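Starting off, we have a lone chain in the form predicted alone, written out as structure tokens.
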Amino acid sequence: MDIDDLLAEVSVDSISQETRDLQELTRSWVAERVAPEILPWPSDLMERVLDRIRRQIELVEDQTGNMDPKTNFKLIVIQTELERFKFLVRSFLRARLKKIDAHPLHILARHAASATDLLPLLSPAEHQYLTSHQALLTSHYASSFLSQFPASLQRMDDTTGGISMVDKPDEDAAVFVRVLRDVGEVAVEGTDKRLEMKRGDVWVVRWSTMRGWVASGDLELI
């Protein structure tokens, strides 16, 4: 462990949990907006953030109407911080819902495959939204035109003939990443290029190549 790692540990320990949650939420928000595909749902982080938002809303409601100038100033600070958290949460969820609407069948299959993972792909509310929305779409398509097709052509997830009917995100899209820890030499899949990725470097690379490193925390999307 070098001096930079020691300083990083000291700095993390000296930061409050609320500040760390805000930083982590901001990074998750940026990553979700940048990544071509939906990222695993950060269960613990969102549980803490949403609980803090609920408690702050209750505090503001209880203290509203208090004529004490100090209390009023405190409420202004709390409301400002509350709005910052709410903006990040709303924008984070909108980015995820946009991807769910764009690739519902693909995401549904990935979520089912992640059932045993430490971090599920979707939250319970997102999964309920996805299944309900997809059921409505399937019913609408069936009544509009699919019912007029032969039975073999009515499936929306058909993969016969080597052609998949399931829309998928572009996993080879270029993304910006920052190296948080030295990862050494990385081979770019599908090419003969190899990248020497050192801490602090910023690269523009294919998402499919960097997905695993981002998941492990060695890289972050920017």
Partner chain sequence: MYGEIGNKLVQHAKRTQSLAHLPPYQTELVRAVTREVRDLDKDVGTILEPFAGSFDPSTEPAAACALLVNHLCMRRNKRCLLAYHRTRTDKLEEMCWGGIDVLERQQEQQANKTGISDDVGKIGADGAGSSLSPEEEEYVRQYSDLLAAYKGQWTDIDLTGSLEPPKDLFIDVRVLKDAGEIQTEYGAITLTKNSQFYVRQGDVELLIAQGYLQRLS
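Positions refer to the first chain, counted from 1. What you are looking at is a predicted structure, and each value in this text was computed from that prediction instead of being measured.
Beyond what is shown, the protein has a form predicted in complex with its partner chain; the following relates to that form.
- In the model of the complex, its partner chain sits within 4.5 Å of a heavy atom belonging to M156.
- Though the partner is left out of this view, Q79 does reach within 4.5 Å of its partner chain in the model of the complex, counting heavy atoms only.
- Proximity of V60 to its partner chain in the model of the complex: non-hydrogen atoms within 4.5 Å are present.
- Not displayed here, its partner chain is approached by T64 to within 4.5 Å at the level of heavy atoms in the model of the complex.
- For the three marked residues, S43, L108 and A115, no heavy atom of any sits within 4.5 Å of its partner chain in the model of the complex.
- Taking its partner chain as positioned in the model of the complex, the residues of 105-130 that bring a heavy atom within 4.5 Å of it are, in sequence order, A125, E126, Q128, Y129.
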